[in-house]
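Presented as structure tokens, the chain that follows is alone, the form predicted alone.
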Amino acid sequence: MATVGNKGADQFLPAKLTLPALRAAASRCQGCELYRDATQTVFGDGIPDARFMLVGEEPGDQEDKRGEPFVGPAGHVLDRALREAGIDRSAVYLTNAVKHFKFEPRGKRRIHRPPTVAEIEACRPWLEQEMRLVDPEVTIILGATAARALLGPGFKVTEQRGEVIPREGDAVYVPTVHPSAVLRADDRDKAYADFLADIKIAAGIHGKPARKARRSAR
């Protein structure tokens, strides 16, 4: 079989740009090599006019098997933070910058590997259309891969997490770490508290927020 390479998802976009049409088209995407080993495309999920949109990196093992975003261990951390911040998960839109699971087989396990810049770029058309159609008031960026896709390679989540960053009109981004970083942290309690504080900043945004607001202490 010929090598696909990272030719990009543009050619797989449907003529009618709606979320259901995008989901159906993405299930057939071969815009990069990741589709070969993944079980399925994991497209975004949630209400189409959500006020909050959360963008992560890529599906994990459980997401790949179930075809839904954020249903694995990191998703459980996110669920807890959303609940404690007062955001109803059933009223948000969840997606990832990359729609296929990238992994390294290790015995019976599949170990997550981060996507390359080329893979992020290849998948960008799906995310761009999701952003356009949902048009959320608040986009919570979860981790460096999502930040790169939405804010460019120069953005540093570790330095700018918790900031309220203008998107367009009155819409904003709020970047934070990926919830999987909480699970990897040596001090999980502190890592979770910091993560929750960022989510609470997003939850507290109403109408026209103060731009570049940042919590004074962690």
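Residue numbers here begin at 1 and follow the sequence given. Since the model is a prediction, treat every value here as computed from it, not as a measurement.
Note that the form predicted together with a small molecule isn't included here; everything after this is about it.
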Per contact check vs the small molecule in the predicted bound form (non-hydrogen atom within 4.5 angstroms), the hit among 67-75, 132-140, 80-88, 103-111 is 67-75
So in the predicted bound form, does any heavy atom of His178 sit within 4.5 Å of the small molecule?
-> yes
I'd like to know whether Glu163 contacts the small molecule in the predicted bound form, with contact meaning heavy atoms within 4.5 angstroms. no
Taking 4.5 angstroms as the cut-off for heavy atoms, does Gly60 touch the small molecule in the predicted bound form?
-> yes
Exercise for the section: Verify the contact flag for Gly56: yes if a non-hydrogen atom of it lies within 4.5 Å of a non-hydrogen atom of the small molecule in the predicted bound form, no if not. Expected result: yes
